[in-house]
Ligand SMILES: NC(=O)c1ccc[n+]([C@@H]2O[C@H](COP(=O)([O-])OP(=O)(O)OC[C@H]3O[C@@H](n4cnc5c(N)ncnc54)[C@H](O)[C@@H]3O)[C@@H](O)[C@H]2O)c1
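Quick setup: one chain, the form predicted on its own, written in structure tokens, and binding and motion questions come after.
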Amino acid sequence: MAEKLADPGSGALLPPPNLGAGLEGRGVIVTGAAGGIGRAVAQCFAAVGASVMAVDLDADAVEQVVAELPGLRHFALAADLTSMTSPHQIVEAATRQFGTIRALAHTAAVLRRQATVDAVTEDDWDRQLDTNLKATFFLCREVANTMVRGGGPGSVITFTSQGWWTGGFGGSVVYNTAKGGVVTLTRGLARSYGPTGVTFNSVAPGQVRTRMLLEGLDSDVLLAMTEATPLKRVAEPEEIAPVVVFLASDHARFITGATINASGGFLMY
């Protein structure tokens, strides 16, 4: 464990400077780990010394993610998060492997982009709300309760979108409705679990170069969103991952209920 540094001005102890302080050798769960952001998050956790349980619907892809992670004690699990048995399955596998769970980074999501609001079907609605909101609640609750029983600190990081604030556009309204719910859910769980020491925070990316963003997106729309971003570019997944690791680390132990804006200025609040 890294030695803490004394602050000569106050006499207090400062945390060690490494990004993943408190995560070394600890077990973390990353959902959506075969996706662009999820893969980068899993890699960043592994790079700071955490042991990663990578979860994704695509069994072959998530096995490949784990094979490429630095360090040891990583493993993959294929799971459908919309199944009500998945939260228990995931937590049971993680505790069997790690003993205790230090963090959950819940990046898994589904986007069904339609051209207009009128094109949205009931199946579009159900699939996005079930995956992006309902599954988030039940998995986060299961993990948090396990963290409490384990007696140690824990961090849960959910993923929303800049659209939780803007509302999204046209056929993405349903996706962003779910993501708005994720912010409210994260805040409610932060209040509910605060006394236990388990923190809940959410990350709100803007445009990130992933398959989810680019699939079916008109190039003119992408250009317009890029121009509306003060940094004038799309983010890479590796630029979002350190934000997640920070929120899971000891550096963020007094942060809970926050929504971290990582949109390159596309959204400001």
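A residue's number is simply how far along the shown sequence it sits, counting from 1. Small disclaimer: the values here were computed from a predicted structure and weren't measured.
This protein has a second form, the form predicted together with the named molecule, left out of what is shown; the following refers to that one.
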Margin query: Considering non-hydrogen atoms and a 4.5 Å limit, does the named molecule approach Gly206 in the predicted bound form?
Written below: yes
Item checked: Partner contact for Ile29 in the predicted bound form: the named molecule, 4.5 angstroms, heavy atom -> no
Checklist line | Proximity of Thr186 to the named molecule in the predicted bound form, heavy atoms at 4.5 Å | finding: no
Check: So in the predicted bound form, does Thr160 come within 4.5 Å of the named molecule, heavy atom to heavy atom?
Finding: yes
Check: Which of these stretches, 117 to 125, 187 to 195, 95 to 103, 80 to 88, has heavy atoms within 4.5 Å of the named molecule in the predicted bound form?
Finding: 80 to 88
Notebook entry, point to check: If you check in the predicted bound form, do Gly35, Gly38 and Thr107 all have a non-hydrogen atom within 4.5 Å of the named molecule?
Noted result: yes
Next item on the list: Using heavy atoms only and a 4.5 Å cut-off, determine which of Thr210, Asn201, Thr229, Ser51 is in contact with the named molecule in the predicted bound form.
Entry: Thr210
